[in-house]
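Below you'll find only one chain, the form predicted on its own, shown as structure tokens.
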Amino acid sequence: MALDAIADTVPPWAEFRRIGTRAAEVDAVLVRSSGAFTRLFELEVLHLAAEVTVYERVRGKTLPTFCPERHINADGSFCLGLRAGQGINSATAATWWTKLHAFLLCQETAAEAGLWPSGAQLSHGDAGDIELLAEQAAAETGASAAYRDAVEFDIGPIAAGLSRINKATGRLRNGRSPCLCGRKHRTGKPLLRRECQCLGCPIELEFERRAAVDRFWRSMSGLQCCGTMLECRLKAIARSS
């Protein structure tokens, strides 16, 4: 059972208490890179259906009750990573603790700076899966750095290539031209855009990811911003309404 595996791998920074067959409490205090301790996080861990979820025991005591930018879902559960709560067993439980550790440290940065640490997150919702595919495609073309620049700063050749996409089809225009991502045949000859499409072009995947991100935020538009982050699309929506 997942909670048994989690109980067997408790790290030194956490205290774990079972309170039922499918529930547990965790008290956590971590050491930051500066050597200082974090706040005390009082958490509730539930194993429902096939997934383990984590919440603050008293919602809103230390963390916002909801904040997409801080990866706290509308029901108060934490997003520790893509499918982080699924399939936990003796082989993967330690990884779950590692993800919880990173999540809590990022919360301290977010509380103090109003920013989530750069490079410590995937895109929200369905866009996360697309981002992983795009990262893999970019790595195959030697464009990993360019892809991160596109995601985090909207700069670089992949970001620039988005202007060449047909928005109706999500495909790069001029399919007979060499692909803008730079992917090549084994012979060294540039791959055509229509050929690259079949392999997963990082430019087209980035276009798809951004569309998924937009859908995610539109689905959140009726919810209230917690106001703890410097930049948040919920805050922008509230200002415009």
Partner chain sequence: MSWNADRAKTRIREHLKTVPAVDSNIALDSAQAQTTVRKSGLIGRLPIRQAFLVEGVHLYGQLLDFDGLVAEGGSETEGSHRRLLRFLNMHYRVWDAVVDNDDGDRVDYHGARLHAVITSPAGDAAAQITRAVALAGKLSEAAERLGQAHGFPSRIRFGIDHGRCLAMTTGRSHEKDTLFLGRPANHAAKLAAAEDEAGIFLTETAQQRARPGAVRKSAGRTVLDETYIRDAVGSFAFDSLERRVDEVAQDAVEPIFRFKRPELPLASVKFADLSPANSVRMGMASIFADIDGFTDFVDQAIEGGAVEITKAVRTVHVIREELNSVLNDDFGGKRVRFVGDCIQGCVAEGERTDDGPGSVRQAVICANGMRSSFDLCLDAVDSDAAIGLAIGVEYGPTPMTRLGYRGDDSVRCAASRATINAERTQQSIEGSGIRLGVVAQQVADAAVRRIIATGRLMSFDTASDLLGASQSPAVQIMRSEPAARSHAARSKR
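Residue numbers count along the first chain shown, from 1. From a predicted model like this one, the values you see are computed outputs, not experimental measurements.
If you look for the form predicted in complex with the partner chain, you will not find it shown, but the lines that follow are about it.
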query: Single option in I165, A159, L122, A93 placed near the partner chain in the predicted complex, where near means a heavy atom within 4.5 Å; finding: L122
query: Interface residue in the predicted complex among K61, R173, R32, K189, criterion: non-hydrogen atom within 4.5 angstroms of the partner chain; finding: R32
query: Listed range touching the partner chain, judged in the predicted complex by heavy atoms within 4.5 Å, from 173-181, 65-73, 40-48, 203-211; finding: 65-73
query: Partner contact for M220 in the predicted complex: the partner chain, 4.5 angstroms, heavy atom; finding: yes
query: 4.5 Å heavy atom contact, S144 to the partner chain in the predicted complex; finding: no
query: C79: touches the partner chain in the predicted complex, heavy atom cutoff 4.5 angstroms; finding: yes
query: Non-hydrogen atom contact L230 with the partner chain in the predicted complex at 4.5 angstroms; finding: yes
